[in-house]
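Given as structure tokens, the chain that follows is alone and in the form predicted on its own.
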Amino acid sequence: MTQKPKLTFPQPPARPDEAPDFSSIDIPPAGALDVPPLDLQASDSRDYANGMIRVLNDEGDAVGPWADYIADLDPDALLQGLRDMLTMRAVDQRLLNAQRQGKTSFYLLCTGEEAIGCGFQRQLDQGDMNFPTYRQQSLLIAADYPLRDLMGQIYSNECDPLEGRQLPIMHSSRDYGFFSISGNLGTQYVQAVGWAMANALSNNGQIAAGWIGDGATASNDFHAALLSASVYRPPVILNIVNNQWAISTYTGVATGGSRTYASRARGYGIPALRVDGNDYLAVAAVSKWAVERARAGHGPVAIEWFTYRVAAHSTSDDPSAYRPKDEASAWPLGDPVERLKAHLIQIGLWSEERHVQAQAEILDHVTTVQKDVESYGTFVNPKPTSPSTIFKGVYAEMPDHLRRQRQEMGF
């Protein structure tokens, strides 16, 4: 009998009433993959795109060729990486609390993904530009963006450098290499390629980094960016953050028949690598390699950061409706903060006591800045800015009709 055609519906590893199950994930041992040459071609990147680059093993040791690649990394840089992630986690905690208290309207946490943005940003130079999504505020933390400005933008008060013109969590700071975020996330990929093309034409030595989540890879912009990058070969790093969930949709819906997201880039002739995104050393090593490659003129490269979205998609989301409540604790690649902490203790640079002290000091600093920012107004205690600001920053020279409108408003 001939079988009738049928549809396939990708299913998550577990539903809310089931036990977490990540048994289908193949996790290679740390140090299994070598460091490829900077001029790596797509045809030679299959093992890197389908495997997973890891540096830290389960005992907290840094092992393998990629560990050797960053062996000269200043110990202070590793300590800074841990502080960056602790700062990001404290900021997330405080701003989530503020939203729950009704002081702000909206927020997205990047809990569990801190290593990716923090480790990547520390490898960039002044003038390089990130084209992020709305869960990459860790890039700003690692770029030493002022916490007052970062928080002010969430509250949209007088501390907001964008003067309330952007939605909360959609930061923008050209001086810190953070391009304005678009709510239509796939557009960032196309813009990153265009910026990189301009860099190449200007011969300024700067590079661009595009960011996209696993769900947004289903957008047309993702494929348009890959095609343009493949054709013109600009200095761009195309980052794909695979955190297993696109709002409430399991990543398998966006993956389709591909084994990995990194393997898609190979189909466009772009070399690609897949990395343990919860391993700070792996993030730092691969980011360093990718930056060197792009700056040396070898064209685009794609990186899939394999991680897990611990928190809800946003403060408007309830993940218990579509996945087990304890799924995050079962994630086999662990917590990026705990893994780097264990490594630093292992090599004698850190201790449990210093970690507890650092957490307290960082939280105290973040809380102090937050209270200062809140003194300029919150949703609970609003202090509206002057309506005259709506006329600023729109035109280089204000048109007559806007000048008249401003005067009619008494400004």
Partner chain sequence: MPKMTMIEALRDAMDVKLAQDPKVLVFGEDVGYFGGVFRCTAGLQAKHGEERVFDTPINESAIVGMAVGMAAQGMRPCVEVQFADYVYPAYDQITQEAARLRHRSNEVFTCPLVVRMPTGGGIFGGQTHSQSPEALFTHVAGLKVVIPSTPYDAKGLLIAAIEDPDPVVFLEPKRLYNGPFYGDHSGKSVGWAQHPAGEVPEGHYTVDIGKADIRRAGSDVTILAYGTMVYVAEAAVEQSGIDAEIIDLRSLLPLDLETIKASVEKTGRCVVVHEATRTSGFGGELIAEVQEACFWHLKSPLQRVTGWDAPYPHATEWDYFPGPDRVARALKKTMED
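This one's a predicted model, so the numbers in the text were calculated from it and none came from an experiment. Definition used throughout: the rigid core is the maximal C-alpha set that superposes within 1.5 Å between two forms. Numbering follows the first chain given and starts at 1.
The form predicted together with its partner chain exists for this protein as well; it is not shown, and the discussion that follows is about that form.
Among the residues V253, L79, A328, A198, the one placing a heavy atom within 4.5 Å of its partner chain in the model of the complex is A198. Though its partner chain is absent from this view, in the model of the complex it lies within 4.5 Å of a heavy atom of just one residue from V310, L73, A224, A218, which is A224. Stretch 188-196 is the contacting one of 94-102, 255-263, 295-303, 188-196, since its residues have non-hydrogen atoms within 4.5 Å of its partner chain in the model of the complex. Interface residue remark: R148 is not counted as part of the site for its partner chain in the model of the complex, having no heavy atom within 4.5 Å. Using a 4.5 angstroms limit between non-hydrogen atoms, I390 touches its partner chain in the model of the complex. In the model of the complex, its partner chain lies farther than 4.5 Å from every heavy atom of I247. Among residues of the shown chain, E163 is one whose heavy atoms approach its partner chain to within 4.5 Å in the model of the complex. Against its partner chain in the model of the complex, the set S314, Q370 and T385 makes no contact: no member has a heavy atom within 4.5 Å. With the core superposed, R403 shows a C-alpha displacement of at least 2 Å between this form and the one not shown.
Superposed on the core, the two forms differ at G393: its CA moves 2 Å or more between this form and the one not shown.
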